[in-house]
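There is one chain below, alone, in structure tokens, taken in the form predicted alone.
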């Protein structure tokens, strides 16, 4: 447990400052983002100083935002990848060697923190949770609910997809990757997320 929460640092930022940063980026101070900050901090403490690392998040929820707020890794620059595994874990690794560390929310360690455990496993319905007690417990637990392990990442995972030629769709007249076929994925019916507006 942290001796003094005012002295708690997340990647060099006082905890309150980090919470303000994530609220601005994410829209609120979500419990998963506070935990994610401790995860990124723990990963960086277990990596060589001054080197750039790529990151893989195993969850789409909250964790990628903590990575994007605290590191230069983002979805847009390709240094952050999200694998839809659903585990609350992230791996920081050297894209050339694959050497890195994986930090994860440890289910055994969470048992010592009932508010966190009940929130994570959805034991208590959200409307019945004591949000302030949960946040106090997360801040107090810090990295005590996490584990870290050395890993080696398959170098194939970090290869960036090369840009392909761009074609103009004969139906919508918009540019799209030519490798997708004769029409864009919307006009070919492969992907359809838009509905006609009335």
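This structure is a prediction, so every number in the text was calculated from the model and none was measured. Residue numbers count along the first chain shown, from 1.
This next part talks about the form predicted together with a further copy of the same chain, which is not shown.
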- request: Would you please decide whether residue 149 lies within 4.5 angstroms of a further copy of the same chain in the predicted complex, comparing each non-hydrogen atom pair?
  value: yes
field: Exercise: residue 64 in contact with a further copy of the same chain in the predicted complex, heavy atom 4.5 Å
entry: yes
message: Residue-level contact is defined here as any heavy atom of the residue lying within 4.5 Å of a further copy of the same chain in the predicted complex; does residue 125 satisfy this criterion?
response: no
query: Does residue 137 reach a further copy of the same chain in the predicted complex, with heavy atoms at most 4.5 Å apart?
result: no
field: Residues in 166-186 close to a further copy of the same chain in the predicted complex, defined by a heavy atom within 4.5 Å, in order
entry: 166, 167, 168, 172, 173, 174, 175, 176, 177, 180, 184, 185, 186
